[in-house]
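So this first bit is one chain, no partners, the form predicted on its own, shown in structure tokens.
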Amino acid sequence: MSSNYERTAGSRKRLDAWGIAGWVFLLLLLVFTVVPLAWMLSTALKTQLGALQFPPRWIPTNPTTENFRMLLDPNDDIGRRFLRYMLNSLWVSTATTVVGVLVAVPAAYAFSRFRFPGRNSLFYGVLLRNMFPAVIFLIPLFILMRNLRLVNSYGSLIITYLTFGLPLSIWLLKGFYDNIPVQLEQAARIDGASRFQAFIRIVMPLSAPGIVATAIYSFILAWNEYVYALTFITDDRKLTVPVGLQRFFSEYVANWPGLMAAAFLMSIPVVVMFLVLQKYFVRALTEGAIKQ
């Protein structure tokens, strides 16, 4: 009895140690994530002179919201351009998300449910693109877009972002569909539903968390992308927010408070969307990763 008690006590101590280590790791991860955002907001509330002060201060001496007012004022030239960049990014990201989901959902379902020659080769071929850095496709994709006469258009960005986002979206959704029992569809077919009706009425509601996770991933990828947006778009009226942020840099000095205010406003849509939909995102990652 004593030996069993000692083993139980020892296992509890190890579990407590792992629990403490986990909380410490999460705390460090939280600090690593929150500190840059806090410094960004602190700088955005400073004047240009206060941002260049040394040693730097976390709490501004004379906080001001002028930088935010300037960016959100449609009557101000900087604000008008920034709001246009936000709308451009919102349009490109939304279009990429919608088209990506419309393509990834049937593709992942086909890989999960159907058996056809070359299925595994085609599936791994889709994932092959993610083995290479995105920047190495810059020149080939630019030549392709130039031949298609899509340079300096939103279409070039949407097609490019789909090229990057679809492989992981298909892989994520396939793992989710694999965990949906095929017997549910068979029962619907027995009751008189077609395969398409079974997919819409049975599979789609059950796969909603996976679809939401795919949409979040596609939106964030398109919203934050910089290199391709800088290369494919030259018209100032069509720039996206990541490229538009460089307008706060001039030849001799950078408007750091304005840049931090713009970056903070740029992060709000993604953070809000993730906070609202995070339960679906976490559920999709866990259910799609567990094989039943």
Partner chain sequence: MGRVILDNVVKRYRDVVAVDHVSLTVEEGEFVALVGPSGCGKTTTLNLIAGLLELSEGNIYIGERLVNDLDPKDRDIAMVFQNYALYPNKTVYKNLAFPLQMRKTPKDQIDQRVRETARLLSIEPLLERRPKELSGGQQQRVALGRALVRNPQVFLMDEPLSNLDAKLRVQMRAELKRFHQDINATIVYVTHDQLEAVTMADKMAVMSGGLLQQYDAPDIVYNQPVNTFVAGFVGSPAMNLLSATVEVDGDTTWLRNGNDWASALDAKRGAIAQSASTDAVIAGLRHNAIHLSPTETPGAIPVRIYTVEPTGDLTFVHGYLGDLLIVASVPPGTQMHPDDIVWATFDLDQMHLFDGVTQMALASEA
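Positions refer to the first chain, counted from 1. Everything numeric here is computed off the predicted structure, so don't read it as measured data.
Not pictured, yet referred to below: the form predicted together with its partner chain.
Of the residues L87, A187, V98, L72, just one reaches its partner chain in the predicted bound form with a heavy atom at 4.5 Å or closer; this is A187. At the 4.5 Å threshold, heavy atoms of N152 stay clear of its partner chain in the predicted bound form, well away from it. The closest heavy atom approach of R80 to its partner chain in the predicted bound form falls outside 4.5 Å. Residue contact check for A193: one or more of its heavy atoms lie within 4.5 Å of its partner chain in the predicted bound form. Shown alone here, V212 lies farther than 4.5 Å from its partner chain in the predicted bound form, counting heavy atoms only. Counting a residue when any of its non-hydrogen atoms is within 4.5 Å of its partner chain in the predicted bound form, the hits in 194-212 run S194, Q197, R201, I202, P205, L206.
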